[in-house]
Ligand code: NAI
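This document opens with one chain alone, in C-alpha cells, the form predicted alone.
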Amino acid sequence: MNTTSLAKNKIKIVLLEGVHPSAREALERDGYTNVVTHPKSLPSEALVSALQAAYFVGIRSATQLTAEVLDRAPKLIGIGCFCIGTNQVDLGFARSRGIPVFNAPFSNTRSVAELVLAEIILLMRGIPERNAAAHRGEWLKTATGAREVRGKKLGIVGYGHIGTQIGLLAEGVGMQVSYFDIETKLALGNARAAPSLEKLLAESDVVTLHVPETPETEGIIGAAQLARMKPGAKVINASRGKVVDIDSLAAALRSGHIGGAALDVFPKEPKGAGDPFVSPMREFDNVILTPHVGGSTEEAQENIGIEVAEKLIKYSNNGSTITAVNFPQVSLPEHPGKHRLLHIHRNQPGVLSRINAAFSRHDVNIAGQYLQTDPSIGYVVIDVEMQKVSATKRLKGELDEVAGTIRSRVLY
C-alpha cells in the first residue's frame, strides 16, 4: 500500500513485549501521540488485528513477524527490533514490501560485557559448583580448583563491539587477551590477534563467544574444537544458541575435559515465562545458566528504547534508512521549504528514467536526489521546490504507476 504524509498524531505505532518507556517518551516528544503499548507478545491472530492500522511496530525477541503476518499489515512502513537480533522478522519479505527493519546492535554492549566478566571470575573460582552444593546443605570449603583470573588467558571469538569491551574489562583485572575474528580488526589495549581459531582455543583458559548467527557460525564450537582446548578450560556463550553444539559441550563437561561453562543462549529457548526450560546443561553444577538476559539491564533497555525509537522517527520524518538491516541505506538531510518524495521499487532497468520523466512532464524542479540500491530493491528520494500539496499528490500518483513500484510516500 502507498502512503502519503500524515499528521504525526494520526500515525499509529504499536509497541509490544514491554518495550522500555523511553521509546514511547521519545516518540511522544516528537509529536507521535498515537502509540499503543502491550506488555507481552501477542498470539498470531491478535497480532494481525493489532497491526491492521499500524504504520510502525516495535518488538523484542518473542514476537514473530512472519511473511503471513506482514502480508496482513497493509499500512506497515517500518519495523523496530528493540534488541540486537532480527531473526524474528522475515527480513526478505519485509524488504519486498518496502519495509525497512531497524535494530539496536550497540546499546547493550556494556551490559553483556559486564556479565561475561563476572562469569569469567565466577567460573575460574569454581563458584557455581560451590553455590549449588551450599543450596543442598553441603560445605565445599576448599581452594582446590579455585584460581585467580590475573595472568590467565582469555580467548575472544568475535572481536566486535562486545568482544572489544570484554577484552578491555578483562585486561583491567590482569588477564592476557587474545581474539579471533574472520575480519581484520584493530586490537584495543594489549590484546593480540590469534592466527587461527584452533590456536586461540589451544592457548586459552577461558573462551568467550561473541559472533552473529550465520550458516558459517552454526556449530563452530563442536566436539573437535572442545577437544583442542586446555583440560579444565571454561566456555562462555553469550552470542547465539546454535554457535555451540550443546551435546558436544555436555559430553566434554561430563568427561571433565571442560571445567565449566556459562550459557546465556540456547539452541531451543522457552517462548514464554510459563514454558519449561529443557537443556542437557541443567545437570551440571559447574555451569551458569541465564535466561537470555545478557543485555537485559535497566540501563541497556532504556538506551535501546531511545536508539530504536529515534531510528523510526528519523525514517518517518525524513526517510533516512541508515543502519536498516534489510534495506538500501540512505542518510538524508532535512528538507525545509521542500516537498520530499520517497519511492521504493524493484531493482529493475528503467525505473529511475521513468521517475525523472514524470518530473519533466510536470515541469517540476528537482532540488536534490538520492538513490541507493541492493540486489532486489531500489530506494530513491527526491526533493522538489515548494509547490501546492495537490500538485505533489498528483505527481506521487504518477510515480505509483511506474512499473516496479513497491510503495511511495510524500513528506511535506
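Residue positions are given as counts along the sequence shown, with the first one as 1. The structure presented is a predicted model; accordingly, all values stated were derived computationally and were not measured.
The form predicted in complex with the named molecule exists for this protein as well; it is not shown, and the discussion that follows is about that form.
Under a 4.5 Å heavy atom criterion, is residue 259 part of the interface with the named molecule in the model of the complex?
Taking the distances in the model of the complex, the answer for residue 259 is no, it never comes within 4.5 Å of the named molecule.
Taking 4.5 angstroms as the cut-off for heavy atoms, does residue 285 touch the named molecule in the model of the complex?
Flag for residue 285 set to no.
Does at least one non-hydrogen atom of residue 119 fall within 4.5 angstroms of the named molecule in the model of the complex?
No, residue 119 stays farther than 4.5 Å from the named molecule in the model of the complex.
Would residue 213 show up as a contact with the named molecule in the model of the complex if we use heavy atoms at 4.5 Å?
Residue 213: contacts the named molecule in the model of the complex.
With the distance limit set at 4.5 angstroms and only heavy atoms considered, check whether 315, 320 and 352 all reach the named molecule in the model of the complex.
Spot residues vs the named molecule: no contact at all.
What stretch, of 176-184, 221-229, 130-138, 336-344, brings heavy atoms to within 4.5 Å of the named molecule in the model of the complex?
In the other structure, the partner sits against 176-184.
Just one of 326, 204, 108, 103 has a heavy atom within 4.5 Å of the named molecule in the model of the complex. Which one?
The option sitting close enough to the partner is 108.
Exactly one of 242, 125, 292, 75 has a non-hydrogen atom within 4.5 Å of the named molecule in the model of the complex; which residue is it?
Contact residue from the list: 292.
Using a 4.5 Å heavy atom cutoff, which residues in 132-170 contact the named molecule in the model of the complex? It's fine if the answer is none.
Those in contact are 157, 158, 159, 160, 161, 162, 163.
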